[in-house]
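Structure 1 and structure 2 below are two forms of the same protein chain, each written out on its own as structure tokens.
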Structure 1
Amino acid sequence: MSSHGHRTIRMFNVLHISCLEDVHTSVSWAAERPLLSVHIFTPEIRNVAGRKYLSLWREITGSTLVTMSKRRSLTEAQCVSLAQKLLRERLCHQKLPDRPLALDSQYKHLLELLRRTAVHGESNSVLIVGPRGSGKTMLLGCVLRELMSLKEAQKNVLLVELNGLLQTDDKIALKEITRQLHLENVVGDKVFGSFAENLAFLLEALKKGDKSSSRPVVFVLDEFDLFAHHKNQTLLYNLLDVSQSAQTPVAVLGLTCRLDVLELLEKRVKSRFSHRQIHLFSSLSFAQYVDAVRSQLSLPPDFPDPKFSDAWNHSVTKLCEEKSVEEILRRHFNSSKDFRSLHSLLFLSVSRVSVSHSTLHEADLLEASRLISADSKAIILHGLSILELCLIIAMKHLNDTYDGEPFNFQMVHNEFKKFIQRKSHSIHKFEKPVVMKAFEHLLQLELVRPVDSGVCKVQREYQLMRLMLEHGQVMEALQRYPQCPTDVKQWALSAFA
């Protein structure tokens, strides 16, 4: 009896058959043993011939339980592409995680609040405050998902999602609210005197026929601080007013990245707000961070090919224990703890996985980290011509000599001429218009900016400018500049021009 495809697990006496030819041979073998279940992993079992074999099997072995598994063995390429698909969805935030990491208390708080609105009809307002990428939208998504799974909430609760970037005006916001509550027909062509009237009409229309209480509405205001810039803050005022006056159970949730968002609100709006804030400051330790990396990169247990996913998860665990990877992660952890930057790092590494390169290596992470932490201005300096580089060095010298005071093109040209006359042998003299064109190129790249950015009555050569690069950036760029002439380098390094 071949050992291919036959594995007996001692405890449960399960027989795995992966090839149809083995069914025959297995029949006699199985007849002698008491089997609890037989798993058949063959694709052919689903056709007519396969089912015939199954019935034959049942006859012979009597009371043996046979389960047909729909699993198929996938090729390596398919596995890799499926893994990529899953990981990409996760890292591009298309799928909400089951539970947000390290945000348990905030999760419970928010869920409790929303439950009280949805089930008990209590009006609430809360602000979720946290830096960019800390998981505000994700937290809200998870909470809403759980809320909607409650039976009472599912039937009653209405959700209105507004975004400060899209609804830049109160009128637009009101139209959007009408649309999301599906009340366009009800409103029709009515003309309202004020915002408050309109909103009251909408909320009145939501009252159910028989009950006196109306359906609870959850308003989610993304980029809450942008709503505070609208005229008179009417939308905020009216929403918070409704949430205080207890006519309809309304929950107003604001998500914002500004810590000082309350300063932006007017006094009358601030007084109607319940001052409940949920802060999402990441309190992860480094060990938890590495753990999070591992869990983000691991394939879920329901992956169709368990062998591949086991090997993958194993390699991910090994990767997270390596010294160099730990260094990379620590560098990222020290600069920002939020998940979004982590996801961009992981996305770059995962995108390098392909059929020929089917597991993650540390080189991938290293390359991704290098791409993310590159200094873009220094990279741009790499592509300048020699003349432009000399102009930048001249500006650096002017900054050093005159302590950062603004300069104009004439001064830069003067410095450059001094260098050409005294120290340079490789760079010959260029005409002033040619140097001016190089200077204008630097202006277009915004490496140099005029001090008063506006239409100036001063001639171009005399307009005051500032250099938008630092001493260190210029020196670093010089080190990496391809085939930089030595006299230029020496000029840059000299303290006095």
Structure 2
Amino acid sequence: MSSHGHRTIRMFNVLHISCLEDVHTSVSWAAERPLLSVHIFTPEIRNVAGRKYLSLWREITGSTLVTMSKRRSLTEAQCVSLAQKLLRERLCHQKLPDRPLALDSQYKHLLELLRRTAVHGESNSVLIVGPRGSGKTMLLGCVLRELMSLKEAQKNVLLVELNGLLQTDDKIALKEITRQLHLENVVGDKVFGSFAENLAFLLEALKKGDKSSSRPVVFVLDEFDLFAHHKNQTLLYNLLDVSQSAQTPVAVLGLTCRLDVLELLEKRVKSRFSHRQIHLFSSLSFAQYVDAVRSQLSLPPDFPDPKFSDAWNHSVTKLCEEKSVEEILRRHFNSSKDFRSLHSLLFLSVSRVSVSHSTLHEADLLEASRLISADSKAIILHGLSILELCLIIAMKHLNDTYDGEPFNFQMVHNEFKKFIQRKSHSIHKFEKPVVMKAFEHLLQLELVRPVDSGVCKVQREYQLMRLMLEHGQVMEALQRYPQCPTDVKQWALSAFA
């Protein structure tokens, strides 16, 4: 970053300054980046550097720093900007919560298992099972953070994280294990007879100098069910085999959303698994859900401007007591209790905050809820041409006439021609290639899909299709369509009656 090498260090949005020259060299770099604080180490330069840095900062950026050796008051614009930054980081899962909500028993159970591996060298295997968004990764993250804070675990425990979507076969997985254990140089060009030999060599290389004990290794297998589809399940077999033996302290943690995951395992793999499972099924009440919303939207006590922070937190408390907001939250709670969808709702609400609109209002949550629950296909329909809408109405007529049987382009074109000849005086008579182009556009948008998805040798005009829309979606699009011809609306009403 700086020509002075190690003296000026950027770490986690904190600028560290250890000599006077760094005050000058760091300002131009820092002006382009959002900094939360400046640490000026040596007492003899602290006062001089602080004053010089602040004046240079003002000169270049026209703004003040949030935290320095003396805290300064912020403008409202800076407060709003910083509040948004803190809340966005929180809602985008960039920070783990202090403790996982409504998962106390699972947290204690998993922490105790890993503590026994880290401290006492006891091997374990466990599966964390729950639907997507139930908090499996968050729970594990909180437990590992707590584990790594233990003095015995900090220097000893090694963490290897694998994902079934990335490590699609055992060879790739083994390379990733070697990379994460920093053993590329140890392995070198060695050739191993089997996967088991290779893994045994890696674990042997981790033994301490006295050869009396090994460093505990925690293997995290995300999308665990996908590893069960690897050839012969070699990776799972060898990892669980090591966890059963007394050679190396190993903890194998699997994360999956499949309840039937044990049925996917081969007999030899299943026999080596401890059959210990932690299930995450939300027992969250609506009152806890509202409390979570309040805590997610509240600013922390150490916010640089206490006056702004108190006003913001008071407005959030009042907002959560509003009847209309409670209805929105209850609707989301009833459809999905997971925090991922809740964070999406809150993120959209926070994004509407600005200097002229410095607190959250119920209108922000209403708009965010509307955006989240909007029908994507209905939105696509609003952008279609009149010709494409007419083709969709023709398809609905055909569905009614032939009791839901699939149709082809030729049938749709004939139905459209009948409408033009009999009823419509406002629609231009389009040539067949133009109509075909509009039909193909509907196919690209997946509003129409072919019955046979494989390679079909039938001419395009005669390939069988199905309409992927419902009555309400089309009628809503027609109602909102600007300057839609009356005869097209009447034709649609006769089709959707």
Partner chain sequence: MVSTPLSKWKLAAITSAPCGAYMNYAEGLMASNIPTSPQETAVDFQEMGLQDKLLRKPTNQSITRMSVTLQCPGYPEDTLRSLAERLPCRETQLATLLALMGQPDQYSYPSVFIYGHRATGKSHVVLSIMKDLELPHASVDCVECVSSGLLFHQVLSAFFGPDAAALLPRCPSLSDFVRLYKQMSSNSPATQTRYIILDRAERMRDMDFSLLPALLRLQELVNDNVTVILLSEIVWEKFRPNTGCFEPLLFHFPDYSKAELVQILSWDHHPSYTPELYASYINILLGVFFSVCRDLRELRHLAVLNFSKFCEPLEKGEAKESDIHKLWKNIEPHLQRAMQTVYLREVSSVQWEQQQMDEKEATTLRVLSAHAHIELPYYSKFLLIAAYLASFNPARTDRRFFLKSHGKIRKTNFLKKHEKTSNHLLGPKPFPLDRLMAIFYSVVDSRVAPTASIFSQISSLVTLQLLSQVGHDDQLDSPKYKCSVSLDFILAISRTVGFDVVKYLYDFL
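From a predicted model like this one, the values you see are computed outputs, not experimental measurements. Counting starts at 1 with the first residue of structure 1 and goes up one by one along its sequence. In this text, the rigid core denotes the largest set of C-alpha atoms whose superposition between the two forms falls within 1.5 Å.
**Q** Just one of these is the form predicted in complex with its partner chain; is it 1 or 2?
**A** It is the first structure (the form predicted in complex with its partner chain) rather than the second.
**Q** Could you name the item of K175, L329, I372, D338 at the hinge, where fit switches from one rigid part to the other between structures 1 and 2?
**A** For the motion between structures 1 and 2, the hinge residue: I372.
**Q** Treating the chain as two rigid parts, what rotation angle in degrees relates the smaller part to the larger between structures 1 and 2?
**A** 10 degrees, smaller rigid part against the larger.
**Q** Give the C-alpha shift of H413 between structures 1 and 2, in Å, after superposing the two forms on their rigid core.
**A** So the C-alpha of this residue moves 4.2 Å.
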